[in-house]
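Okay, here we've got a single chain as structure tokens, the form predicted alone, with questions on binding and movement later.
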């Protein structure tokens, strides 16, 4: 199946509505609260237009950041956002493939991106994230997860003002519990769902 995110119109449609996602600001605020302000270097997986990376870099004023994405549309928007900002490096990469050599990081974040990977690739990616983190580093994944059943999913769609036709065919949603267990098996500590609203969840683990 073709990933819809290769299409400029799909990326632009998401960017037009992303700030209208209910309770998104709450999730982002919780994410920021778990990243030490003195952190020096971070990575945003599926950085999109650079929204989350910009937030984290504002929170960590002495940090540099790498934004990774495979959508030309998203990368152009991120480039526009960070023009002249020497703290930011943007990398074109498809997360279906192993992460390129990027060095190590104090924090790795992601926002509504990893759920487009297959479940097998999700787990592989989490292990790659663990290997890239410095001791004490945080992995914060603000993610779209699956509902326990169709009724709850239908209520999520209603709350999002979505119909079945609006759902992204690129989605490969997975439940919170499975992903938390993967993180623990890989070696992350203090693993939990730190925030959740319906199918939107913040999964965090630390490399201690």
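Worth saying up front: this structure is predicted, and the values here are computed from it rather than measured. Numbering follows the first chain given and starts at 1.
Keep in mind the form predicted in complex with a small molecule is missing from the figure; the text below concerns it.
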Notebook entry, point to check: Does the small molecule get within 4.5 angstroms of any non-hydrogen atom of residue 13 in the predicted complex?
Noted result: no
Notebook entry, point to check: According to a 4.5 angstroms non-hydrogen atom cut-off, is residue 18 in contact with the small molecule in the predicted complex?
Noted result: yes
Next item on the list: Could you confirm whether residue 94 comes within 4.5 Å of the small molecule in the predicted complex, counting heavy atoms only?
Entry: yes
Margin query: Is residue 42 near the small molecule? Define near as a heavy atom within 4.5 Å, in the predicted complex.
Written below: no
Check: Are all three of 47, 70 and 112 close to the small molecule in the predicted complex, meaning a heavy atom of each within 4.5 Å?
Finding: yes
Notebook entry, point to check: Want to guess which of 32-40, 150-158, 174-182, 62-70 is within 4.5 Å of the small molecule in the predicted complex, heavy atoms only?
Noted result: 62-70
